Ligand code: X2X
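A lone chain, given as structure tokens: the form predicted on its own.
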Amino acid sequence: MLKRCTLIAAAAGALLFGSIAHAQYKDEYTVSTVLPSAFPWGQAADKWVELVNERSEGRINMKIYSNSQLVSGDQTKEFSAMRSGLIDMAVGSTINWSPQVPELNLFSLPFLMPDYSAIDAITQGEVGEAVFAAIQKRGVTPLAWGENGFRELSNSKRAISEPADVEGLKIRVVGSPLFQDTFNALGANPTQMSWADAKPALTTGAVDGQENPLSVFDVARIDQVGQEHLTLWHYMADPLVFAVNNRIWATFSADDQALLKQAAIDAGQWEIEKSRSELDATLAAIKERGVTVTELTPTQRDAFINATQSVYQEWSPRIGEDLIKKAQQAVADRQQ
């Protein structure tokens, strides 16, 4: 009889513990993104939410807040807001999070990654693990990689095929000092502003050009605001990171942590494959609208590499010289 009572009590305790653990789950988790569903970035978040809802049978509910609305449009504050708990989860940019995680500036180093296999060699290897560890240490749990793509240069003045062509151009850049240093090294006049302010500035001619992935150029119709010249120079890429606030992450059971992580991995891979497969069609559509497209030859690209070496000298101590060397080695050893 005593044994039976003990078993009943244990079962009741287990049920109570389960209900308490489940009660820790929020009715809705906020997911921050910069770009909405019209862009691959937003689609990555959509896919994550869809897979989590499906695989948890509705137990874990996530709601997307795009256009950085949870941080009043200031995308550089997203990581801090997530770390502090104002945002639960995000599909965020390595650029926007780099002010709080210096190691993420690795991806913004000019001309480090010449092609997609180079991106994969970095994110999917030892360097990617080290970067994720740096994010985790700062209060956010990274789960998987996505992709915003290579950032290409457009302007309203002239075709660009050598560093001298960039001199004097007023270029809108994101809120990262490394971007300013890169364009200063090329003799341009970089102007930091949010994406919300960028298109009006291009319209009025307050700035001459901007740099963004082809998907952004296409969907946002940057050609409609005088951006008649586009240079494919692959000067840097912007991997995306699926992530969760550390304290929120700790409230999930081990099984649900695995569910959230695998859903992020699957969503990221889906988005990477989708965005890469659409690039040829995107570029063709841009050309059809009358945009002059210049694709750098290897020799022309080397001239830009040489012109921006000062950026490496300036930023290596902040990012970590060992991390940069490992990334460069991973690129050199990649399978093409």
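Note that residue numbering begins at 1 and tracks the sequence as displayed. Note that the coordinates shown come from a computational prediction; the quantities given were computed from them, not determined experimentally.
If you look for the form predicted in complex with the named molecule, you will not find it shown, but the lines that follow are about it.
The contact with the named molecule in the model of the complex, taken as any heavy atom within 4.5 Å, belongs to V174 out of V174, I122, A90, V140. Checking N245, S108, N155, Q75 against the named molecule in the model of the complex, a heavy atom within 4.5 Å turns up for just one residue: Q75.
Using a 4.5 angstroms threshold between heavy atoms, D165 stays clear of the named molecule in the model of the complex.
Among residues of the shown chain, R83 is not one whose heavy atoms approach the named molecule to within 4.5 Å in the model of the complex. Among heavy atoms of H229, none comes within 4.5 Å of the named molecule in the model of the complex. Taking non-hydrogen atoms only, R151 approaches the named molecule to within 4.5 angstroms in the model of the complex. Note that among 221-229, 91-99, 246-254, 156-164, the stretch whose heavy atoms approach the named molecule to within 4.5 Å in the model of the complex is 91-99.
If you take 34-70 and check each residue for a heavy atom within 4.5 Å of the named molecule in the model of the complex, you get V34, L35, W41, in sequence order.
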